[in-house]
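As structure tokens, the next two blocks hold two forms of the same chain, structure 1 and structure 2.
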Structure 1
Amino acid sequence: MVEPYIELDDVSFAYERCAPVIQALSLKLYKEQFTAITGPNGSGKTTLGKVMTGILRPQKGRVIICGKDSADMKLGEIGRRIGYLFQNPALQIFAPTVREEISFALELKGYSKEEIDSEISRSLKNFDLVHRSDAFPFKLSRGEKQRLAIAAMLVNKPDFLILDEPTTGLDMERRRVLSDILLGLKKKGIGMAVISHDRAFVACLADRTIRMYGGEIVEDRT
């Protein structure tokens, strides 16, 4: 029997002095499925993504990652297993150049210069950023920032990605490019959950679609 990669067990979360955003929610996500999480604004999708990655801690219930309670895991440990793309990718970009953004995690891990250069070259090519390698990341287009953020996540070699509204601000061509990238990652065995309003985008990618409303799951279909 296939074990879930991420499991939420009776999870509730509320921001300070606010009504619960997620209420007694139980959910299992599998690495073998590309899961789309949909629903209107305010339904709890983004909060769910942050709870699953440990950015937010639930007031009730447990989040289990690869069989381990996330309450017993540091953010860095979770980050090595799950890559998270913020709705605004600029929030997770900080290095002075595209090249350094990709190399940061590799340098922390103690990779050699040759290994780092090889990984950077591969990432720049895979994400169509070769011509922007020395650019200041905040000068990139929205689509380029999306691709850079994903490239920087992937050098950590996570087994699972959670992407929050990855098509926001992208034109049809950039949606197509992103779709091709995600399909390629799916074929490599990387699990994914995509939080999105873009039904046309997720329809061609998702094996499973979850719809949320009022902090609860109201539909779950494969």
Structure 2
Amino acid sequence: MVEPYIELDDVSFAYERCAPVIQALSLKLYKEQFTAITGPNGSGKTTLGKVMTGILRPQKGRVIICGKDSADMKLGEIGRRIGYLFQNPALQIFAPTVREEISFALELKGYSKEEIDSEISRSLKNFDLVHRSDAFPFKLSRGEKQRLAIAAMLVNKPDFLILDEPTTGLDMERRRVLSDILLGLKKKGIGMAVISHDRAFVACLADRTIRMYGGEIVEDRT
């Protein structure tokens, strides 16, 4: 392992003054190491994920992404490198149809119609959404929304993924499919930090497990 992909240096974050949720936390995440982040409800996992992606900016300390201080980076610049899946997938779904939710990023990137069509077909098939391609995303089931949010994130081809509870709402079969997809991405060299309560799910994927409690890292096991 060489350079960390994401580095937190003495980071503290508070939503409300005098009540820090993350306290003087330092952490290095490597692309080569599939990292699971666990811990009880309210221990600060989601907050940590949002701080790592620049959605929340720390009051103290630095977040360094690919060697660059993220305080000097715009959200879009971070977003091109890091894909982030919200704990609640409904927060990141906005297009009028499932198909457009996936094509949006590709259109922004200026892909040709043929490239977009083939990417969409592949993505819909991978995430078992072919039969829902014209559906209104808000009417999808919880698990379908989750699969759509992951599919839409992956067409951006980020180098590093931060997934917050990605198995929420997925049945056993879809969980297995997601596990295979993440394993495939890992083999391709995509870095990953997965926040999860689902021990069985992360056990077979993770090279490293970080446990949080009260906004601090209480265990870091490789």
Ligand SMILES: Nc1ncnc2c1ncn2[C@@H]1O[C@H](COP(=O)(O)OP(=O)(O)OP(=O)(O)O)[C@@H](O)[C@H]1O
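Along the sequence of structure 1, residues get numbers from 1 upward. Each form is matched to the other, and the largest set of C-alpha atoms that superpose within 1.5 Å is called the rigid core. For clarity, every value in this text was computed on a predicted model and none was experimentally measured.
- Here the chain appears twice, and structure 2 is the form predicted in complex with the named molecule.
- After superposition on the rigid core, displacement of the C-alpha of A19 between the two structures stays below 2 Å.
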